[in-house]
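Shown below, as structure tokens, is a lone chain in the form predicted on its own; questions about how it binds or moves come after it.
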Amino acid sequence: MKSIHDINEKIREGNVSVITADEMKDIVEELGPEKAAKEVDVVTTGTFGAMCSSGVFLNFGHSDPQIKMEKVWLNDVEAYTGIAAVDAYIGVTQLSDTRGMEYGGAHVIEDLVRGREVTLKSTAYGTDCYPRTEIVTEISLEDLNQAVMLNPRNAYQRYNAATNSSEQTLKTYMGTLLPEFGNITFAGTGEISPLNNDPEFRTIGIGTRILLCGATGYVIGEGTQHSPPYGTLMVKGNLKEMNPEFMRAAVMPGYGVTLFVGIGIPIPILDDKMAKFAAVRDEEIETKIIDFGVPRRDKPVVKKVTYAELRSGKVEINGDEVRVSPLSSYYVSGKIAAELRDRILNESFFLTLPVERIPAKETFKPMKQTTIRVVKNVMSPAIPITPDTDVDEASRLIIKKGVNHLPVIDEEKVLIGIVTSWDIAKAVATGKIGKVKDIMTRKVITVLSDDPVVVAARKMEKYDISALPVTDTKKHLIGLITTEDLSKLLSGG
């Protein structure tokens, strides 16, 4: 047994044994956990990935005359001002009012760290003690009194991987997902990531000293949505001490702005149990591939995989090999772990004893919502036809049933197309009185029966259509939802 005090004494004496997480695996395999715990004092870990739940508290100092900032923008990115007269919090995902997704809060933060000036603009309603109502000036990081990075949710233990079963390319926070299981993306650094090396939170807790974007930082609590083994941390650090090498603003196409944040955490090897934790390998770390092609909160799990499978670059889905791409940098994470190791060896970084432990078990609850109206409670019965149905017969069905849409199905009731009254009218006008398969639309926009009604409404608006076939996850036809169904819902009919 060792204590953090014992390890800090070794750091002061210059005889501490510090290795990175990737080196620890082989040592434990060779010596076993008990002997490894005697040989090694500290294992350094690292992660570098997109951490949207990040931001910075800023204090600008008082102007002359003084202003109580009601609204504030930095390079046209709005910051939150409901704190005090000249304090603000800028979140990394906030978008520029003028440049949209090309620039956001993450870029402002990186610009400041890189020593660039940014334009500060503020408006106010004016008071007797804060009479000024407007100010525009240029500021740099050194002009600020305080710049404290405070991130509500960082250092994810692991993530769900993502894929897409739908027929459309999807732009998501997990990157661009190609249609029909065209690719898989994943995040996290697996076996060298901090929380995987201390899964019971024995040494990582409130007050743990960490490396945050190259600066000394601290864990200040569990992160939001903390739910081990999908644990997270809330962290803070001084922006003025940070290194741009370990932070990077980024744009997820079609989704928005984020910030790649580098975090390194020392894991003190207090006993053989901690040595065993620090020997974890990617083959032992499981996660799930979920289907973003299903637009629901509880997305279906395609399969369970290990980080070793994900890092191999290919995963099999439905008998096909699917290309896998990482969204976190293993290379930069390794540099962070090495940087932390060197600081400990150089006696410039000491370990801290947590003042309070972080829960090792906690359940993440979804949002409490009022009754969610789903498609199956609103949809109408569908009147299906086959691709070999005559156009004349289809036109008679439309008139007889008083409908405008006829879904086309195959022998197994799988949706393969749709015909509208407009398609029929056009066919008659041009003399194309043949089979439905010659005039049907083959690429059909659909909705699932358990999808919220709002999903159907958004799809109709986006694609400028008046009806959607309702299917199950295997494209079997279940019903039809139309703009008329939605109108009845809104009117209470």
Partner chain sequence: MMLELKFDSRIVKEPIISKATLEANTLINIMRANVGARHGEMVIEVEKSRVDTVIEVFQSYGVEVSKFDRKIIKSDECVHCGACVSICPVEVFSIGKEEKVEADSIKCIHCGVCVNVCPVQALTLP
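What you see is a predicted model; the values in this text were computed from it and never measured. Positions refer to the first chain, counted from 1.
Below, we turn to the form predicted in complex with its partner chain, even though it does not appear here.
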For the chain seen here without its partner, which of 268-276, 206-214, 252-260, 381-389 has a heavy atom within 4.5 Å of its partner chain in the predicted complex?
-> 252-260
The listed residue (314, 401, 303, 361) that reaches within 4.5 Å of its partner chain in the predicted complex by any heavy atom is 314
Given that its partner chain is left out here, which of 152, 354, 228, 326 has a heavy atom within 4.5 Å of it in the predicted complex?
-> 326
Within a 4.5 Å heavy atom cut-off, is residue 184 in contact with its partner chain in the predicted complex?
-> yes
Using the partner position in the predicted complex, report whether residue 166 sits within 4.5 Å of its partner chain, counting heavy atoms only.
-> no
Determine whether any heavy atom of residue 60 comes within 4.5 Å of a heavy atom of its partner chain in the predicted complex, and answer yes or no.
-> no
Non-hydrogen atom contact residue 218 with its partner chain in the predicted complex at 4.5 angstroms | no
Look at the candidate spot formed by 48, 178 and 248 and say whether its partner chain comes within 4.5 Å of a heavy atom in all three of them in the predicted complex.
-> yes
Which residues from 93-107 come close to its partner chain in the predicted complex, meaning a heavy atom within 4.5 Å?
-> none
